[in-house]
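Single chain ahead, by itself, as structure tokens, in the form predicted on its own.
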């Protein structure tokens, strides 16, 4: 297996004209006859207007000096309709880096309860489960890693899914089932905005070598299935997970087309979370079965893995909290991987592990929040640090500044490959 992309996956947010139409309808009142309908909508309409800018600290010849420069309008509307609830959340973004004005539809779904023990939600929605803090094992729903690394708000790390979600509630347990008719991949780093390590070139690449992926877009053939069985036992949240679909990031390469691909994947796992030692502890496990390469002999498809996560968080002092996590990946069929590795390719470790730390301090009547989140991998010898300052100026106005700082001893490691993308950012948001 060649580590073509550790994190390289990209979810296409198709431009939805409905976002523009709804934004115009909400923000710019029309004829007088529409006023009653608009008044009805405004009762539950929320959102924000935000301006955010960021700058690289290192000179990357393959990328622009500005990491983020955008103005964003978000509209968020929830309405009870018939016997259910309709949810809409959409953004209109003016992006100076890509030089485009684009709509982004984050949520458009309808939820209802056909029986007393069942909930259903149909449409575009944000899905999440698992116990990790910015680490994911059994959460096989799409992420937006590009947004995460350039300084957008943390909510944009979670990308939307076009799915049907059903929840069943029994006395013994709860069961969640998710069906995605057409595969939803994560938003991957292809070089157009963030430079990355390209093992085929043997160097860091950016806009000079933008990755193309082979889309999985066939209805039913490229479907995803996910399930979670959960129960609370004396304050401990237990869960078992299952997933059948594809690697969410393109962990494969197609030599004939030169495109990265999404090999088939199934995952089975479990987690537990509960109070311990005056804090909250969690543990999570997952087995990643790389179906497209069961024996690990294909050098262009990522091998099966065992993943493990444990964490602990607690209040360290008044309005000061801290959290630690340990995460590991153990590659299966490592001998087969080594034997079939193409000459000149950088070899991945059989065992990769990462520590994280989160520190959060609230000041000035909780209007000022100072936070630090850091990743450190002893096996890769690389670091990723996310400092952030958030100040609530008033009930509606807030300012934020932070950074994405990467460092590594090698250019090909998970965080080390992004060292030239180190950036600082700042933004102002007005909410309504």
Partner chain sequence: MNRIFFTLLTALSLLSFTNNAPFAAESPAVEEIVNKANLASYYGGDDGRAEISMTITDSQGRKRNREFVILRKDIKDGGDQLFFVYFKKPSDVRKMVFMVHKHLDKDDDRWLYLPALDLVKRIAAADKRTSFVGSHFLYEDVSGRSIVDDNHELIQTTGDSYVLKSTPKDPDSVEFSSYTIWIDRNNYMPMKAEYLDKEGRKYRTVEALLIKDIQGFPTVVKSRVKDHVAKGETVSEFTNIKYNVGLAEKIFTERYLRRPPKAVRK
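Since we're looking at a predicted model, the values are computed, not measured. Numbering follows the first chain given and starts at 1.
Beyond the structure shown, there is the form predicted in complex with the partner chain, which is absent from this document and is the topic of what follows.
Exactly one listed residue, out of 340, 328, 113, 266, brings a non-hydrogen atom to within 4.5 Å of the partner chain in the predicted bound form: 113.
Just one of 80, 100, 212, 335 comes within 4.5 Å of the partner chain in the predicted bound form, counting any heavy atom, and that one is 80.
The stretch that touches the partner chain in the predicted bound form, counting heavy atoms within 4.5 Å, is 394 to 402, out of 394 to 402, 379 to 387, 49 to 57, 63 to 71. The closest heavy atom approach of residue 367 to the partner chain in the predicted bound form falls within 4.5 Å.
A residue is said to contact a partner when one of its heavy atoms sits within 4.5 Å of a partner heavy atom; residue 295 fails this definition for the partner chain in the predicted bound form, lying far away.
For the chain shown alone, residue 89 is a contact residue for the partner chain in the predicted bound form, at least one non-hydrogen atom being within 4.5 angstroms. The partner chain is not shown here, but in the predicted bound form it comes within 4.5 Å of a heavy atom of residue 235.
For the partner-free chain shown, 273, 274, 275, 278, 279, 280 of 273 to 291 come within 4.5 angstroms of the partner chain in the predicted bound form, judged by any non-hydrogen atom.
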